[in-house]
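A single chain comes next, written as structure tokens; it is the form predicted on its own.
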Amino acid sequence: MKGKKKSFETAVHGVFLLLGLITVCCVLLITVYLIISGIPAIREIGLIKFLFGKTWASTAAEPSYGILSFILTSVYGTAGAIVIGVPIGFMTAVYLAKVASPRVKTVMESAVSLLAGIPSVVYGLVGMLILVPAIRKLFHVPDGASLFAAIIVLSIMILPSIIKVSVTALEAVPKEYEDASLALGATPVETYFKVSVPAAKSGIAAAVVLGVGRAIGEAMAVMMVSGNAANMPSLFQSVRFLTTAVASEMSYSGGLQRQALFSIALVLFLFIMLINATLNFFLKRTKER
């Protein structure tokens, strides 16, 4: 009996190991493919000219492949979405995990789950039909399709990831921590923000990383509300993100243009890896202290 149980556990461990290796292999294959596909264009165009060039005119008689506007737009758009979405998502998570009544919590969690299940194209459609005209009328600009509209849509799209993961992390904090804090005379609000939140900071940081990944990697919704024009970033001007640059031209690209789009994908991939590595570094540094 013990032998059968041990064999079963060994088999389960082997399956888990295999699945983990498959995941790692998928990441490595994607990395290798992007490097192989993206390096030739960077080599031909020139790294400095490609990364810091301000003009993208891939279909012109004399094509230009500068992606600085795409990089800055992605940085500004992601930063704006984080500035708006993270505080809202974090405070909502604290409310749901620690303050809300069971009935309110059930309703709000259902709404958050529904928000997470809405396809990105629906976000883009609603933004294009409602948000873009509203921005045009409110701020008296020629076209509401802009970086500002993209930031608003992205900040809404990252909320479900931040809220759900943060709620799970906060609920996992042992109740004894909070009881001890309350017994020492701290108020409930002080306990939530000075005991529960620090104890759940790794899970909350993971939620932020997921939100950042969602904001950086979104293409369809952003394309529909940003105007998708290759301009240097301005809050009320049509712009193009790294993701939308690849999605909008891949269907008719060829030759150097197609290789340049793979180079953009490589830059985006490295950008996401850099952000994740930076956040993990600061988290580990905080734990060591």
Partner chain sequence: MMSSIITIDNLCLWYGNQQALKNVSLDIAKKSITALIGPSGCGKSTFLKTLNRMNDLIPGVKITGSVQYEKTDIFDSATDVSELRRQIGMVFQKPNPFPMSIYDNVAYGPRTHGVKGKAKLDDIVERSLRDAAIWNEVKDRLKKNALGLSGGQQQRLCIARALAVEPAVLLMDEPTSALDPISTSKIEELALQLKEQYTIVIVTHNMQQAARISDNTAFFLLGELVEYGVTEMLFSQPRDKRTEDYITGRFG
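Fair warning: this is a prediction, and the values are worked out from it, not measured in the lab. Numbering follows the first chain given and starts at 1.
Below, we refer to the form predicted together with its partner chain, which is not included among the displayed structures.
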In the model of the complex, which of 75-83, 137-145, 153-161, 183-191 comes within 4.5 Å of its partner chain (heavy atoms)? 183-191
Candidate from Ala205, Val112, Ala199, Met128 lying within 4.5 Å of its partner chain in the model of the complex - any heavy atom: Ala199
Checked Leu170, Met108, Val195, Val209 for heavy atoms within 4.5 Å of its partner chain in the model of the complex; positive is Val195
